[in-house]
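Let's start with one chain on its own, the form predicted alone, as structure tokens.
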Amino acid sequence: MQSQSVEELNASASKCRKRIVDMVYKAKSGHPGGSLSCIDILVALYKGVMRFDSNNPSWDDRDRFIMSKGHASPAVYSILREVGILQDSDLNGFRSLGSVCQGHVDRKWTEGVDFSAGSLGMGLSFGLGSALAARLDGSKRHTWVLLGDGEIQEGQIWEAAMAASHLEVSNLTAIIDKNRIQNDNFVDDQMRVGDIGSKFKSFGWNVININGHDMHEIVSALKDSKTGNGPTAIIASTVKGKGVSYMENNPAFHGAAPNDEQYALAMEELS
């Protein structure tokens, strides 16, 4: 993809936020909060940093993106629409039988999706395998894995983190969407994960801390993560439901659709 200015990236993120809310509203189900918290990161990846060709989404030597918290599928579908792989008609079928936009991302159904998600905690292991495969192929492709901060309560995450460091995998970046909320409540109330950056450092990873809604910081961190020795973790502090006042920092909108009045207000606020 052609790199774009910060202003252009922010404009794309605004359009994607509207699509996210619209998809969930029309389906009357879905996960808007964590999709809105990570969409700035996806826009920066797909339109600013990632080796990706929207005219050839199956290009063998493309970078790989893994949405490990696969319920945030509206974010993936919105950016795939933004880069021209999906159409509005695809998004309008979100979470309906036979649609290419299923509730969780699924590579069998959706062009441009590299990873089928369901149970949480698996994405970093897949990402490690993808990065190692690129090394064996002698390819420059990079693997990007987006994780939720609640998701890293899963033990498999830390097995993959330990292995990635041991194998000195430099073409792997984990991005942690630190929005502080998971399915049932705030992460600190469910199970504290503590200082995420220090944890990854203790496993031998490079760590970059950023504001996950500052496009300058996001793009800079993504680029820097490709230059270090060993794997890199980007800890992105974000706001769950970013951009919609009643969704922001509200656990109720982890997995709930807005009603008619809430939808109208969201569209007004995102305009």
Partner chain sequence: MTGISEPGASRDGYGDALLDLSSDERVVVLEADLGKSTKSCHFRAKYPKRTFCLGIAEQNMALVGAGLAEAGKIPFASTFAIFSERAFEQFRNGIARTGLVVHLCGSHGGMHTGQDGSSAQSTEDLGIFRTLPGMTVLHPCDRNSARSLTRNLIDHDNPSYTRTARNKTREIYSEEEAAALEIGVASELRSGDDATIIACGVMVERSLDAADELAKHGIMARVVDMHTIKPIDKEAVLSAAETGAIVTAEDHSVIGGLGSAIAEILAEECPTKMRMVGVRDKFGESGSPEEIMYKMGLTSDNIVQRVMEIVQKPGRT
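Everything quoted here is computed from the prediction, not taken from an experiment. Residue numbers count along the first chain shown, from 1.
Here the subject shifts to the form predicted together with the partner chain, a form of this protein not shown in this document.
Novice: Mind telling me which stretch in 172-180, 113-121, 191-199, 81-89 gets its heavy atoms within 4.5 Å of the partner chain in the predicted bound form?
Specialist: Among the listed stretches, the partner-contacting one is 113-121.
Novice: With a cut-off of 4.5 Å between heavy atoms, is residue 160 one of the residues that contacts the partner chain in the predicted bound form?
Specialist: Although the partner chain is absent here, residue 160 would touch it in the predicted bound form, with heavy atoms inside 4.5 Å.
Novice: Answer for residue 99 alone: is it within 4.5 Å of the partner chain in the predicted bound form, judged on heavy atom distances?
Specialist: Residue 99: no, not in contact with the partner chain in the predicted bound form.
Novice: Residue 108 near the partner chain in the predicted bound form, any heavy atom under 4.5 Å?
Specialist: Yes - in the predicted bound form, heavy atoms of residue 108 and the partner chain come within 4.5 Å of each other.
Novice: Would residue 142 show up as a contact with the partner chain in the predicted bound form if we use heavy atoms at 4.5 Å?
Specialist: The answer is no: residue 142 has no heavy atom within 4.5 Å of the partner chain.
Novice: 213, 47, 31, 62: which sits within 4.5 Å of the partner chain in the predicted bound form by any heavy atom?
Specialist: Partner contact (heavy atom, 4.5 Å) among the options: 62.
Novice: Since the partner is left out here, which residues of 116-135 would have a heavy atom within 4.5 Å of the partner chain in the predicted bound form?
Specialist: Residues within 4.5 Å: 116, 117, 119, 122, 125, 126, 128, 129, 130, 132, 133.
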